[in-house]
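First, one chain by itself: the form predicted on its own, in structure tokens.
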């Protein structure tokens, strides 16, 4: 949550004076960052911070990894193409070749690759647009607490009321269904969805597509079970509805496998990828399309920044450096299990329900069920030198997202700073309660 106490002098004063009030992360982390390496950042005063945020998932391999930085520097030094619209370049063809050979073919996935624009919301917009073109239907089904982006189409399938209000216009042609576990464990929400589609009196039109995050990162680290995802895919198939998986934040290995949906054994019709696809935080997004669904006319969906060649260079390097085998996947799963155990033990010590700990791989959450408490924990964490953010509709969930390559010592140090921040915030809250009693 934002920290409103910003320094009004020096470099930060420039931010205050000139940058729009819409800025947010600078309020949570009120310092001026200067450099970064691996899992750490340094501010302009030389203070070091452990990064448990990873650029909201855009830095899965950490900051400035040498295996990614070196080929980028070589590419720029030889005057490689930096901007090309969607013209053919050597950087693009080499990325496509590596993506097919390293990611798609070993997983038995057959997709055409669209470059819709530089960010995740561009990938979502193109997927929604193509689904409507293919099916001739207007409506898109999304889920409670979903987050798919900040442009109008992706906002229309986003659940957060605060973000939706920012659109300034009605957001239509979408229907919201309950996510896995929304009503508790006793109600099968896919069965509910399926029943509505079968009932001609339900008032729910047959949609063009369903869009889903397998883990709702911004929605509070809510994990859809593999069984639920398989049931959802089967329901979409029964009703001839396209299935779009938004893997923008939890793809590229965040949960262990390269794609977060691999654990469920499903094959979506369209997949949205961005954030860590470039490997270094450079803007790059793709929409993956089953070949028979690639029904675009040339230029029907275009944009100026569809081919960011420096990002192609680092994306290829990331694939060839980290995804030639399953070693990274196994490491992420193991680290994630360790973080989950640590958070569960912390919750037990603090009297927090075990069910408040949730996540897969290296996206883990601890729901404190109190916005003010969560804000205080994040503030204390920052003061201790830990970059940590919150999520969920009321920002009550601590979201732990270190780089996938974080070393054991740094991970442990960060976790203990987190624990100290949680315990300190709880103790301070208890003391305040006693004072006012």
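These figures come from a predicted structure and were not determined experimentally. Residue numbers count along the first chain shown, from 1.
FYI, the form predicted in complex with a small molecule isn't displayed, but the following is about it.
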property	result
Heavy atom distance at most 4.5 Å to the small molecule in the predicted complex, all of 119, 147 and 246	yes
One stretch from 119 to 127, 289 to 297, 319 to 327, 85 to 93 that, in the predicted complex, holds residues within 4.5 Å of the small molecule by heavy atom	119 to 127
Partner-contacting position among 308, 275, 254, 222 - heavy atom within 4.5 Å of the small molecule in the predicted complex	275
367, 218, 180, 269 - the one with a heavy atom within 4.5 Å of the small molecule in the predicted complex	218
